[in-house]
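Just the one chain here, laid out as structure tokens, in the form predicted alone.
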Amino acid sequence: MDFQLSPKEEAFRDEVRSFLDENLLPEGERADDFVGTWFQKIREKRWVGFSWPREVGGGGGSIMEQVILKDEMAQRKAPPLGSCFMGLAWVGPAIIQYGTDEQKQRFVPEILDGTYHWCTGYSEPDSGSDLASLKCRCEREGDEYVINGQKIWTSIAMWSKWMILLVRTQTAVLTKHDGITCLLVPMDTKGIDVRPIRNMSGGAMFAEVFFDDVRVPVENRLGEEGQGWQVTISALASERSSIAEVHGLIRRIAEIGDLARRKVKNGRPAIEAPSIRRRILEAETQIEAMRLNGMRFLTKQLKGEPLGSETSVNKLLRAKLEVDLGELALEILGSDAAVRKGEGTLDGGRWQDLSLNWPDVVIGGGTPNIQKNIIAERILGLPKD
């Protein structure tokens, strides 16, 4: 694929760069109200939900223009393009594709404005790598659905206002993918119990969510009853080249290299140790592999071809790098890694936190085992696990 930009795309890149020059302050100079002002400005330019149709409030941008926008933003370390991550990533696209006019009018503007957060009720204790086997029960009683069951590893459930939830409305089905329904559920509904799952550093990004006779209006169903699997796997075309993740990892490995130059071990900078240099180079090679994979994904999208299971390759690489880079930073720190907080802690314990917080990225969106199964079954054609 020839990635040479058209005149229109070149003009758009210039527009983005000019906007960044005028509005993006260096990280150390941003006041407390900077992010709020930033979101307001990019919202006015319709850069939040940039690839969404203009008739619902999006930018109507092309895939290549979205690549340009994300690339320029990532290189300059700009704040995210919108504050409602899950709403922008898949809830909004699902509502645009499957929602009623009333649902679109109600939810899409609030997702674009970042009015509140959404969480995703998919995984269950016995339905992680095999999501279609979910058992969270849902029965219709008149104009309401009654939900009983449990979800787990639900990101940001503690401060989300709404959940996009998969439930089983039918058990007598031909395949396990049938009989699943998607509901939009207010998190303050009676009968919902959210229990945070604390990680090794004391944070809590994930939660268990329990449903005890939770009643949701039928009008909150997204798509038809029993169509939940299609709603889940379908979304409007979006750019999925991993650009933001790659730029973030490039910055991370550069910062680890700087740490290795500052940290003295055995009377010499740690960067001079062959084992450290080798691991840094291995990480740089894997990051470059992610970038090149992303270009393959982008090529398919620009040709109008759908993306499928191949994106699991980059998700697997990203998970590996999150763990490996945390361990590498601790190896560079040596005995200093044992002290996470307190006076004299190198870089304020940042690297210790990095090594402990990897579950937020590695578990979210599907664990490495799930990604390996997807790659093995759907790309390599191996028997199901």
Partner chain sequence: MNFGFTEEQELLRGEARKFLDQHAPIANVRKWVETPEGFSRELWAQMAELGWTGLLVPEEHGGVGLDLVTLLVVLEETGRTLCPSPLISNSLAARAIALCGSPLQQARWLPELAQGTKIGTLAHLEVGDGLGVDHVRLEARETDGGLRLDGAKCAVADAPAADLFVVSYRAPGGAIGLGLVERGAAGVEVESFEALDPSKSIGALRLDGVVLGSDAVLASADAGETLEALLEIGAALVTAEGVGAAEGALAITVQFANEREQFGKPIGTYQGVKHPLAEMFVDIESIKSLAYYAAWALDEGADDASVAVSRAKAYASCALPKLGIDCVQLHGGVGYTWEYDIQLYLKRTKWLRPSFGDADYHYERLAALGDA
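Predicted model only: the values in this text are computed from it and were never measured. Note that the rigid core is defined as the largest set of C-alphas that superpose within 1.5 Å between two forms. Residue numbers count along the first chain shown, from 1.
There is another form of the same protein, the form predicted in complex with the partner chain; it is not shown, and what comes next is about it.
Q: Heavy atoms within 4.5 Å of the partner chain in the predicted bound form: does W153 have any?
A: Yes.
Q: Any of the heavy atoms of R17 lying within 4.5 Å of the partner chain in the predicted bound form?
A: No - in the predicted bound form, heavy atoms of R17 and the partner chain never come within 4.5 Å of each other.
Q: Does F297 make contact with the partner chain in the predicted bound form, using a 4.5 Å heavy atom cut-off?
A: The answer is yes: F297 has a heavy atom within 4.5 Å of the partner chain.
Q: Should R76 be classed as touching the partner chain in the predicted bound form when contacts are defined as heavy atoms within 4.5 Å?
A: No, R76 sits far enough from the partner chain in the predicted bound form that none of its heavy atoms falls within 4.5 Å.
Q: State yes only if every one of R140, S160 and E224 has a non-hydrogen atom within 4.5 Å of the partner chain in the predicted bound form; otherwise state no.
A: Per the other structure, none of R140, S160 and E224 touch the partner chain.
Q: Would you mind picking the one in K341, R30, K41, R54 that has a heavy atom within 4.5 Å of the partner chain in the predicted bound form?
A: Selected option: K341.
Q: Of the residues S83, N220, Q230, S127, which one places a heavy atom within 4.5 Å of the partner chain in the predicted bound form?
A: So the residue touching the partner chain in the predicted bound form, by this definition, is S127.
Q: Residues in which of 111-119, 268-276, 186-194, 95-103 have heavy atoms within 4.5 Å of the partner chain in the predicted bound form?
A: One stretch meets the cut-off, namely 268-276.
Q: Residue by residue through 312-331, tell me which have a non-hydrogen atom within 4.5 angstroms of the partner chain in the predicted bound form.
A: Heavy-atom contacts to the partner chain in the predicted bound form: V313, L316, L317, V323, E327, L330, E331.
Q: Would you say I375 moves its Cα by 2 Å or more between the shown form and the other one, aligning on the core?
A: After core superposition, the C-alpha of I375 moves 2 Å or more between the shown form and the other one.
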